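Have a look below at one chain only, the form predicted alone, in structure tokens format.
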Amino acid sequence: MLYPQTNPFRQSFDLSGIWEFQFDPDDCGRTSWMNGLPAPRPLAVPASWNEQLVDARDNLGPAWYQTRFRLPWGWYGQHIRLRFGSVNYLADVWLNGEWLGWHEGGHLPFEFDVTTRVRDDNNLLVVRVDGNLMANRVPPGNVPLDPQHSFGVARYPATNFDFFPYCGIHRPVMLYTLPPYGIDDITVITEIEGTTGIVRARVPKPDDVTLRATVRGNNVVVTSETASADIVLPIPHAHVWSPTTPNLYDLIIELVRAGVVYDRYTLPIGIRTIRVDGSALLLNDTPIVLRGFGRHEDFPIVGRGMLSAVTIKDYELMRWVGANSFRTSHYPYSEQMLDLADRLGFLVIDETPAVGLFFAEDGLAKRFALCQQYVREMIARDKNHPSVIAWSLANEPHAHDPTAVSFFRVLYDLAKSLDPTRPVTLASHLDANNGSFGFLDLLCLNRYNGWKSETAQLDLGCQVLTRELDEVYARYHKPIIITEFGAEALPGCHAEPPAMFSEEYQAETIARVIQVLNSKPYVVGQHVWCLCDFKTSQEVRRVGGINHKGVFTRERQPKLAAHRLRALWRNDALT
């Protein structure tokens, strides 16, 4: 799914801003609210409603949005689509009282063709959003407190995952035009042969249309034409993409009929390869080690809503510390976040919203179908980002049931069929007996030695971690990334000797674990959990409803661990 852009052949218009909003506690709005809300109040889009409104923190809906718009000049009669970047969780959409359709699942885009339904003036767009937690949704909620299927801890709201279930329209809502039979999809694969970069592009098109592709950048202009939907462009003396040299080229795709260009799309691309070889992860055939974080799209007031300034700030913090990578825990991040990863040279493990999965039969078929949907949508959206080096199918599934192995085998095969060029993994908190490890391309482990296990005993925790890592590698002989490790620290809490919840204990835990990871040549990544503190459901372990495992506070101020990481990682980068 291509992001809207403006050029001589297509235009885009952002509907973000102040919309109108109303809760529907009796769920009666379907009778007439699609024609206008009876008693709305203002609300910002994009942003979560839970932190904007003083009475809405734990209200998960249903709720209704509306906004009015007129088409930009000259748009009437063109082919027009309406695109939502992310609505969490279940969205129904009406335009001028007519139902357009629905979409389930936050964090990934969906759109509708509104060519015949939009007016030149006075359009009413209405969206009903339901964010309630259900066991047959993904991610699930209101799961019985059974350690086989849940964390076994009472939370409010009752999530089966450890972050707040923000609701609302979280990313831009766009109107855009494109020509009939225009460019609807582009798939790019890059290869490297000596000093030549090979760009392969596939663009679905009508049979009577010629495909013209041009690569521009780094003093190179290469153009080719074909009647096929597939085109190959060799780039001599190519500048490859990597974290230290995030070189990007512009791939310009044009559709030509009878010698006349009728559509164009420009896509930034990076020429690079990624593969697993034995115990190594190779970028451009050179071993790489990931240093970075898990993080959340979370900030006061906007919740999970996209805020460009926060995106920039988080990249600045990661660069200051010396990170080169992150995982999109536990859902795909905004397209703007990945665009910047391409530009800044960050390596990304892109993860579906499948967090907190369990495998009881009740609701399993629905959860399975949703996970397949998410894999398709995520790869369709993010397949052309050079920064994305791996797909993650899930985070910490409660996968004790043998059903989970066949469940993830289907998802793995689906991901490889859609994109055979990237490794596929999932982040697991289980031991070496995880059956899915046998077919995954690389292994991602979440480990909290010295915190959740071997509590307050760092010496013992490091010994256990050493033994576990060696056992996993001896069994599977695949590269390992530790995708979560760390400890909580309340900002300003200090203790000598270091004690749990102090900044000193968090910093010491992270440093000691990194020492273990650096001693294991098969460990190709270390991702601290996490970059910044974030909001959670309320429970007895969460002071103020906040997870304090961030090395920065929720307001993006450093704790002691951030300074310790900067010393470790930046020194490593220089040696």
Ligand code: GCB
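Position 1 is the first residue in the sequence shown; the rest follow in order. All values derive from a computational prediction rather than experimental measurement.
FYI, the form predicted in complex with this ligand isn't displayed, but the following is about it.
The contact residue chosen from Lys478, His170, His398, His330 relative to this ligand in the model of the complex is His330, the criterion being a non-hydrogen atom within 4.5 angstroms. Contact annotation: of the candidates Arg542, Arg57, Arg70, Arg512, the single residue with a non-hydrogen atom within 4.5 angstroms of this ligand in the model of the complex is Arg542. Judged by heavy atoms within 4.5 Å of this ligand in the model of the complex, the contact stretch among the candidates 278-286, 468-476, 231-239, 442-450 is 442-450.
Among heavy atoms of Tyr65, none comes within 4.5 Å of this ligand in the model of the complex. Contact annotation for Asp162: at least one heavy atom lies within 4.5 Å of this ligand in the model of the complex. None of the heavy atoms of Asn50 is located within 4.5 Å of this ligand in the model of the complex. Taking non-hydrogen atoms only, Ser537 never approaches this ligand to within 4.5 angstroms in the model of the complex.
Heavy atoms closer than or equal to 4.5 Å to this ligand in the model of the complex belong, across 527-562, to the residues Trp529, Phe534, Arg542, Asn547, Lys549, ordered by sequence position.
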